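Starting off, we have a lone chain in the form predicted on its own, written out as structure tokens.
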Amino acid sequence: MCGIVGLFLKNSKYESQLGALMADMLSEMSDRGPDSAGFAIYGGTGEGLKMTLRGENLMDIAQELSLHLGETVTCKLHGSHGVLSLPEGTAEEVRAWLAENHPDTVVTGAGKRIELYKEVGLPADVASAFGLAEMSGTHGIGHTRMATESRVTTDGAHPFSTGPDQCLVHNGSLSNHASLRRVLKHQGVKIETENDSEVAAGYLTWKMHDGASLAEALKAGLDDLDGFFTFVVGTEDGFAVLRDPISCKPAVMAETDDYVAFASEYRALAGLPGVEDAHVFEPEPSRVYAWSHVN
């Protein structure tokens, strides 16, 4: 099962409503994924470095990091997660410091604009716990999970982020994720969970690190990823959608002059402004759909 959603705003007038629109879309996908949910929101100016952490005593960790780095580190709490504002270029140093000093603290995502939250529970409850409806931004993706191949844990919830400002949600199942996991480990891409969706995210990170564009990485996945899948991928400036050649998983998109939206079912799109005049379509198999704020 599982439900996935994505919303990319073309018109800045809706940026203050992004979180509220995303919260409604996630709630509508509860029947497809009642055990956990998560979302990534892209907001802010793109200056500095954001790092989303999950754990305890996050404010204290921010103070310790300030002393370690010799620069002020702030933390904004959202439920069990907190978003650190860090100096640019410190991501790897901070990750290493956390692993040594606070090994139970989880980094869910990092980059210039991404904030990534996920937790066990009904999608509406997860959205409420993090205050999604009050968040603003230019685009976001989300996931509601029905765990069929692993335990119900926060670590197993989506999205998965394996590269700066890059994250992925997935509906489907990969049959060759174990062999790909070994390849990615050899390439230096660290996979933290048993979830095949994190392997898919890591695969895209690997390809893009080697110089492929997001569209090129997704196209390569059509040859290298076995199984059935629908991906929605978030990046710093946009998002992309890809379905496998068979496309047995449901998917629908709506595009207007103001936004592009994706969902596993149309009911998640029905509350969007102006959707009655949108171009509504089912994304074609094996075709990469991508939108970006970069001209």
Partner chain sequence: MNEVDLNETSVRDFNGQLHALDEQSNALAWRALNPAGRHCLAVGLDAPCEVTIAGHAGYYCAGMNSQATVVVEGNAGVGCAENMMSGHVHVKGDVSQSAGATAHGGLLVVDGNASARCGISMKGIDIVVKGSIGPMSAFMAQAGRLVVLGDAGDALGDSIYEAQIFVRGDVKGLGADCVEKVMRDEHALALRELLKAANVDDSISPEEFRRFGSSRSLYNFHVDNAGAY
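Residue numbers count along the first chain shown, from 1. If you're wondering where the values come from, they're calculated on a predicted model, not measured in any experiment.
Below, we refer to the form predicted in complex with the partner chain, which is not included among the displayed structures.
Contact annotation: of the candidates S36, S247, T52, S27, the single residue with a non-hydrogen atom within 4.5 angstroms of the partner chain in the model of the complex is S247.
The chain is drawn here without the partner chain; in the model of the complex, the stretch among 266 to 274, 66 to 74, 53 to 61, 232 to 240 whose residues come within 4.5 Å of it by any heavy atom is 266 to 274. The partner chain is not shown here, but in the model of the complex it comes within 4.5 Å of a heavy atom of V280.
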